[in-house]
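Form predicted on its own, single chain, as structure tokens, below.
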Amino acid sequence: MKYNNSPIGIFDSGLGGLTVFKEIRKILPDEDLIYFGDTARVPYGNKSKDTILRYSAEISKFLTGKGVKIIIVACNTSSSLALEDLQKEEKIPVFGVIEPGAKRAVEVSCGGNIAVIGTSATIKSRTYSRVIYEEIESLSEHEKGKFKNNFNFKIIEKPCPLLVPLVEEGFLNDEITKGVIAYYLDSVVKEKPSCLVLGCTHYPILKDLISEVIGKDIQMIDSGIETAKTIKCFLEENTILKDGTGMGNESFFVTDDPEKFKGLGEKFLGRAIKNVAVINLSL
């Protein structure tokens, strides 16, 4: 059996991608992981496409320079706007977080409405709608019929621009955050979706508050969990898993304020982060 002991690269605009990192670590404990958080330029959700393309390309170049075997764009905004460009430019596989989440939403919805929340840039791109419809079209005629026979079927996409700044500032379990979530999601709940896709990797850290607002009848889809499953299957199918057992090595890089990243990041992961290095991408 072939192996590949090179690390996996994961990047996000800030802290949110740690929710993907956490799921990757759970399902692939042996792998070496490199995480990059662009904390000096967070959030990405209110920036132009050209800016997001440039930022994503800079980080991707940094990670390939570290010898990673694959890159996970653990940012829905970058996944929606920059993924195709990165896949064309890089010689190694590059994965986003949108397709796995969209695929799971189609699987569990049984023809019911699907809701997606994300940053303004992600929602404006309509990438989730496009990928969800592509997933529906790939179904068998019987399964596809569940959607086509529901003439009222729709995809509800809702931008929630304040949630990323609240998470990045550490308002993880506060009444102000719950109030903002309710402000955004009350109208979504009225549409009676079968499931809600957390279309930003920052949002899983707010799962409990989101659950209080949407109730138990709407199933939450965490794209980080679905992405981790996709990555494991890819590594196994292509025989590029790491050769060895035991906890893999971890490296963390940010563009600003490593102490803040470390403090909040430990809340995301539920454990200590040993070292965080600061990188100036303009160099």
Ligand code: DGL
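These numbers were taken from a predicted model, which means no experiment stands behind them. Residue positions are given as counts along the sequence shown, with the first one as 1.
The following text describes the form predicted in complex with the named molecule, which does not appear among the structures shown.
Using a 4.5 angstroms limit between non-hydrogen atoms, A115 is distant from the named molecule in the predicted complex. Using a 4.5 angstroms threshold between heavy atoms, V42 counts as touching the named molecule in the predicted complex. C200 belongs to the set of residues with a heavy atom inside 4.5 Å of the named molecule in the predicted complex. In the predicted complex, at least one heavy atom of T122 sits within 4.5 Å of a heavy atom of the named molecule.
For the options A105, I181, V94, V164, the one in contact with the named molecule in the predicted complex, meaning a heavy atom within 4.5 Å, is V164.
The stretch among 106-114, 205-213, 189-197, 72-80 whose residues place heavy atoms within 4.5 Å of the named molecule in the predicted complex is 72-80.
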